[in-house]
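Here we start with a single chain on its own, the form predicted on its own, put down as structure tokens.
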């Protein structure tokens, strides 16, 4: 949904620089809103980041731990009330509009970008009705600087941004976790993607300079520091869009469920695939069909890798943490089968560069991006190497960006 914006975030953690970046891009988005919705007052503008996941690949919907971090690109939402009960949604990406009546929202998804905000609107209006709040019509413009389909969670970014904006405009005062849950329900229910909890949690609970450790079984979380003075996070985009990823993702969910259904007969204390022990898997490998067995092997081993990565980070062992990332990619390629040659090339090229700590695909896979953890100062060498290798192999250059962290959903000051 989100268009690529005109500005890159200032790097580093200077709050003043971040404030200037917020204000500049918010003003650009407000001007775009005025061009589409010229009559009336200026809108309120909101932002929610995207995310990259460093560890815990495909574990969230299997009850496992994950370690995502928010990034300083995301979704902008400009909102202005209207009095006729109409909801008008527009996008800076393609200029398309979607319209509905607030009392008669679509009951069936259209399979277009508007399904995401409409699903959230349904959830927020249900909460507003429960509070006795009266909804009104809205003009809404979506935009931003987060690549769509690149594995940076543009869908959770738009859903959390929409929920956060609607909560503010309707004056509901929802707790942040309820905003996160509304976004999650919208994507699972109305949009129909059987995603786990990681993406909306990573976006909605973001804290600058940190990874979010999230246990997707009991939903406990903590923020673990990742020193921006020591490391950078690069995201290299294959430019392979993931048009078929939703169906393949849902297949992986079903395959993991089939694996768990077979394995819990041998380990009755297991409540999800994350609980299955490695010895259970090894002992009963022949009792599973080959494909569910491969999916289960990735999940069970990735759980162990992710706990080990957390301990490495806690003791300051960044090389140990990065090594776990690279092992995760190997498993995603061999056992979960969600990589593509372009992603494999990026990872192999990256880990050959001095100063690179680890690399793996991020997001669902099937295209999109690789995330790379590297020491400060190695950025130029990394970019030169992977662009050269990738262009030689595929005849085009990948897009490489270096990201800062982000502090999560917020309303932006337009300087009025």
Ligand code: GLA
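Residue numbers count along the first chain shown, from 1. Here the structure is a predicted model, which is why all the values come from computation and not from measurement.
Same protein, other form: the form predicted in complex with the named molecule, not shown, and the subject of what follows.
Only one segment in the set 196 to 204, 77 to 85, 266 to 274, 226 to 234 has any non-hydrogen atom within 4.5 angstroms of the named molecule in the model of the complex, and it is 196 to 204. None of 364, 26, 357, 382 but one reaches within 4.5 angstroms of the named molecule in the model of the complex through a heavy atom, and that residue is 364. This chain lacks the partner; the member of 321, 249, 213, 113 within 4.5 angstroms of the named molecule in the model of the complex by a non-hydrogen atom is 249. Using a 4.5 angstroms limit between non-hydrogen atoms, residue 56 touches the named molecule in the model of the complex. In the model of the complex, at least one heavy atom of residue 61 sits within 4.5 Å of the named molecule.
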